[in-house]
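A single chain, nothing else alongside it, follows as structure tokens in the form predicted alone.
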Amino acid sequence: MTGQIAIEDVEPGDWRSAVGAAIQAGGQFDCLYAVPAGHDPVVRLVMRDGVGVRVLSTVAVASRTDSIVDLLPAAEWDEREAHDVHRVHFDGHEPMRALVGHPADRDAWITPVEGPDVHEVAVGPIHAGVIESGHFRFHVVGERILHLDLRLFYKHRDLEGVAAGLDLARGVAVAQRSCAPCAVANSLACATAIESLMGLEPDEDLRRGRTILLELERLYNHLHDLSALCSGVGFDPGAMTFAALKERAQRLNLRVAGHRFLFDTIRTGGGTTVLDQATAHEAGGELASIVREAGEAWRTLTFMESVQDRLGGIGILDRDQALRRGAVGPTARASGIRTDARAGSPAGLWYPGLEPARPDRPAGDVAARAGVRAVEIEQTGAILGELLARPPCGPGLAVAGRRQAAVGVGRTESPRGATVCCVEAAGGRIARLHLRTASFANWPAVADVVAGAIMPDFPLINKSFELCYACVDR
């Protein structure tokens, strides 16, 4: 995150006009959340532009404020979450369907679909595989999907509530536990937010060390996702090849950082991982081998007609849909949106000259989302190769170097896309911690793209997004 964080208090009656003006000025949506504040909660909208971060804040008088989903459709889930958790009513957001809450009345969360031969197919929340709980309610005619209602939050842990009152330094541990595959990205977003609160700036060693960890996380996740896609089309040789490479990548994590999922490698104000030259050299060699073999496996897949026929033209998220939903990460890039939170020298990281990955054909389908990951594996290999050739001299420190902020905002590019963490403090303790992950941003797009598909295509479409349940349920 570059630039300063500007906070603007907006009169309740001016909320929509202020948001509209921010959009006209080039502001891009990051997140919306509510802050409990006595009788009247506060609603904050976080936006970014080329200069820095802008936080618009308004009081929800008698727990009511105007909805902005017509201005920023990407805020739909954010408003629904604030309504369910903090009882804020957003005038104009109708119907306000339940998201976090699980009311017994099915009409409170399901979109009515009527017509000849319309049936409902319920999948989950308990699944055949060893995965987390999520319910998919399909409205179908025959095998054709007309609409999908998602119901998540079965394992809602209220980690944000747990964080309230903790010492600032302990916020990272809470963010980390929201999800294992995104442990580094979530921890780093939180650490960056806290450091911006405190006016701290990472030194070069810390920036380089954190970048190594973030890219190691991206590598094993992308390998896993390609394995899952091969499994989704029944191509076992590809599934096992990428799964084996993912296992090697996680063993590399263990050697480099002491944990397969890179837990406890991020802390506020400093680093934890130290690489000597010998370890870095060994890791660089193994990394190059993994990336080379992944590239060979991907090129083999591109010539497998039986595989490619199943990937192309399925689960299409076009560019307009992706923009409207505020899609992030490989999902957005596969639809032709050149956005990447790593580009533009984000604070606290080391990505000089990085450009967002471009798929060969940004069709927004399963094939394009797979292609973005294949390109990013090579990109990640190059970034890590350069960093490991000249590893950080020490763990690094964050030192005073910028103005303290009233609301700390951290933004990182997880394997699934931009993750945003906002932290507010009172008396040296956390008053509010809000984590909006890339999975939270992208789940609504899954429901969009399955409309018109057939039921047997859903597992493949879902795997092409490969989103977390835990990141959402946090």
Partner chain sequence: MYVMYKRLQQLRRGIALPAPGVPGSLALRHVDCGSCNGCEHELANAAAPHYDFGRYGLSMVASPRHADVLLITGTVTRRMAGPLLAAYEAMPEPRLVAALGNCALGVDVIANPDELAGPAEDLLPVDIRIPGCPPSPSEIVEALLDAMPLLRRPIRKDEA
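Residue numbers count along the first chain shown, from 1. Given the structure is predicted, the values throughout are model-derived calculations rather than measurements.
The form predicted together with its partner chain exists for this protein as well; it is not shown, and the discussion that follows is about that form.
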query: The unique member of 143, 247, 318, 282 whose heavy atoms fall within 4.5 Å of its partner chain in the model of the complex; finding: 247
query: Contact assignment for its partner chain in the model of the complex, among 73, 165, 101, 199, heavy atom within 4.5 Å; finding: 101
query: Residue stretch of 108-116, 351-359, 384-392, 175-183 approaching its partner chain in the model of the complex, non-hydrogen atom distance within 4.5 Å; finding: 175-183
query: Contact of residue 125 with its partner chain in the model of the complex (heavy atom, 4.5 Å); finding: yes
query: Its partner chain contact at residue 470 in the model of the complex, heavy atom, 4.5 Å; finding: yes
query: Contact test in the model of the complex: residue 276 vs its partner chain, heavy atoms, 4.5 Å; finding: no
query: is_contact(residue 204, its partner chain) in the model of the complex, heavy atom dist at most 4.5 Å; finding: no
query: Three-residue site 26, 403 and 432 fully in contact with its partner chain in the model of the complex at 4.5 Å by heavy atom; finding: no
query: Interface residues of 258-285 toward its partner chain, as seen in the model of the complex [heavy atoms, 4.5 Å]; finding: 259, 260, 261, 263
